[in-house]
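Single chain ahead, by itself, as structure tokens, in the form predicted alone.
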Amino acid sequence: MTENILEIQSLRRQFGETTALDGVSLTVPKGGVFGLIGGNGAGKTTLIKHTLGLLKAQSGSVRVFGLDPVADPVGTLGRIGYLSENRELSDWMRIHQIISYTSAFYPNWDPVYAERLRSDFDLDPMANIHSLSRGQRARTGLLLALAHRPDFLILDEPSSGLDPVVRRDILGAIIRTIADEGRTVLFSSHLLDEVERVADHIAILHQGRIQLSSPMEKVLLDHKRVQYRLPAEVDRFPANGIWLLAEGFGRDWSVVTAASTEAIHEVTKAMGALIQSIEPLSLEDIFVARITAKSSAGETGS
């Protein structure tokens, strides 16, 4: 058995003239929370649809639990819980009816756990689906995704449009509980503060390509902001190949880098510059720098 829940190799998908995924390779290891981040149109939902077997790879391969989700949906989908931003539920049902209906599709459905989630989420079993608020719909969808205790939970923008209380329910209580049970969560979101709070590993997807994939701790440790005082005023920060993003004017500049401390000091000495401070960055700062990557040296990476 593979130790990786999801393995994607050289996946490519085009819709007409638009390339949604351009040779994506990605591995999601077993256990923990894997954050998938990117802007609108980056390809996140398209990648997730391939993972669920809703789209067939035009080239490349997708394996979930070592299986092709298109060729073997029974062997994969029964072990996956899925919650999307749309939270599509049958509006004509009541909550107790949709729970009963959904349970029939999963041999491992845990009715005791489902009832506990319903109580924890304060959901009235007699409430009509069509009358639920956005937060209640999200809680109902999450209950349906979790109650069969899936090995792999996929959350596609689950917090979009929700108030902080519901977001706390999803992120704080459920995601961490699932991860602590040895299960695996793929969490796709543009709310980077939430991803930073819960993810063990992240991947940045931009214009259909993976820009970075690394453990969260390493990403935060590697990236830093350096505040500089240059020996003379310049219109553009000196190009040297280690800066992801440089902003400033005159003698005062702020740069983002993923270079080692030793490399930073070597370049600083060569410039004759003074380091005023070296500061840690948030995931949002890192994402912006990686995607923008507009220093005087042009687009760089590490």
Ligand code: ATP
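Note that residue numbering follows the sequence shown and begins at 1. Fair warning: this is a prediction, and the values are worked out from it, not measured in the lab.
The following text describes the form predicted in complex with ligand ATP, which does not appear among the structures shown.
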Options 251-259, 57-65, 267-275, 37-45; stretch whose heavy atom lies within 4.5 Å of ligand ATP in the predicted bound form: 37-45
Distance check, residue 190 to ligand ATP in the predicted bound form, heavy atom within 4.5 Å: yes
Proximity of residue 110 to ligand ATP in the predicted bound form, heavy atoms at 4.5 Å: no
Non-hydrogen atom contact residue 200 with ligand ATP in the predicted bound form at 4.5 angstroms: no
Contact of residue 157 with ligand ATP in the predicted bound form (heavy atom, 4.5 Å): yes
The single option of 10, 18, 282, 292 touching ligand ATP in the predicted bound form, heavy atom within 4.5 Å: 18
Heavy atom within 4.5 Å of ligand ATP in the predicted bound form - residue from 115, 85, 222, 196: 85
